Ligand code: PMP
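Heads up, the chain below is alone and in the form predicted alone; it's given as structure tokens.
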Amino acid sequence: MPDSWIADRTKAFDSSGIREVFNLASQMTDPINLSIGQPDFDVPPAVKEACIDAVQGGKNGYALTQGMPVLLDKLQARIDAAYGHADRTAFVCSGTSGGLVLAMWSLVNPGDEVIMFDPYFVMYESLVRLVGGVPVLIDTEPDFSIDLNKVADAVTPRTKMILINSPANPTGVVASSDELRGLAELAQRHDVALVSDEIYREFCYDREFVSPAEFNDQTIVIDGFSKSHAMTGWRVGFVHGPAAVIETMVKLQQYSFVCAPQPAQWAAAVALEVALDEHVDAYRIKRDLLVEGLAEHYDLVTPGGAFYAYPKAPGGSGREFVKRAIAENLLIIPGHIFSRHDTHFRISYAAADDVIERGIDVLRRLA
């Protein structure tokens, strides 16, 4: 029977609850959609033109597994200039999700522990379980800051990795320089891999972005073009870190994703030259619109980056509150998808201002 064919490892996690909301959205008429975690602006024209030129120029075959020189050389030059580490190598992966998968395959053995912060990006816990790892969740409520003492207490002889995401999905919180330095030094002291998911690095509204790689030259950084350049469907990400780790990830990419799409890599090389200030400024305004609109009605930590807010649900249950919101044609994500706690809900303000305003009106009524 087909059920008996299914591998046991797939039973360690369920399908993403976010996808269930996306499916629901496709069946609704003109929903107020504040659920989708992708930019509402389009891919920059120069990037689209570069992709078209690549396709028409015959650049449609397999790419080099480690990435095409047109993109990889630019990335490596930028990374070298930013960090100056003797042992920091880059490669191009199939989106940041592909980078996360390869990092787990490359580093985590069955039984190894991976420290992450609750709430967390929905994929993290499932990927750890997929490779037989053990997620160790550090609670960050009520303000979603990192308590370094809690992290130190959680380190055991089985700890293999600490996974940090700043600016964070789902909270939008940006870790402080002191928090990141503390994590970096702790990881180095205990010989633990520090993986930094920096996909939202361009969206920092109140202070400069800081990477833990500035404090720990062994940090593995995962980044990409999906959020910064609205290239979510193009599947171009990149990873940089110690050569031994990167070589292992490239080896595994050979036998899994094979490569990131070649035309998209030529386009991403152009994307590196596109200024993003206009979009970042627009999203700062959207952030302020949402925070000011909800300030008197919700317990909300002001997000410093990304394009999410994570308010506490009136009545205590995020699931029940989201049901009420959906009944009002408003799509948001219940917090239990990102957390052990059913206390919050996620709003994505990657939407047109008028959609955000309609959502604020509904949320005020519901409060």
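Residue indices: 1-based, along the sequence shown. If you're wondering where the values come from, they're calculated on a predicted model, not measured in any experiment.
We do not show the form predicted in complex with the named molecule, though everything after this point is about it.
Using a 4.5 Å heavy atom cut-off, which stretch among 262 to 270, 116 to 124, 147 to 155, 282 to 290 contacts the named molecule in the model of the complex?
Stretch with heavy atoms near the partner: 116 to 124.
In the model of the complex, do Thr96, Leu100 and Asp197 all reach within 4.5 Å of the named molecule through at least one heavy atom apiece?
Looking in the model of the complex, the three residues Thr96, Leu100 and Asp197 all sit within 4.5 Å of the named molecule (heavy atoms).
Have a look at Arg181, Arg235, Lys160, Arg129 for me and say which one sits with a heavy atom within 4.5 Å of the named molecule in the model of the complex.
By the 4.5 Å criterion, the partner-contacting residue is Arg235.
In the model of the complex, His229 touching the named molecule (heavy atom, 4.5 Å)
Result no; His229 lies far from the named molecule in the model of the complex.
Give a yes/no on whether Thr219 approaches the named molecule to within 4.5 Å in the model of the complex, heavy atoms considered.
No.
Contact with the named molecule in the model of the complex for Gln253, defined as at least one heavy atom pair within 4.5 Å: yes or no?
Outside the cut-off, so no.
From first to last in sequence, which residues of 168 to 185 have any non-hydrogen atom within 4.5 angstroms of the named molecule in the model of the complex?
Heavy-atom contacts within 4.5 Å come from Asn169 alone.
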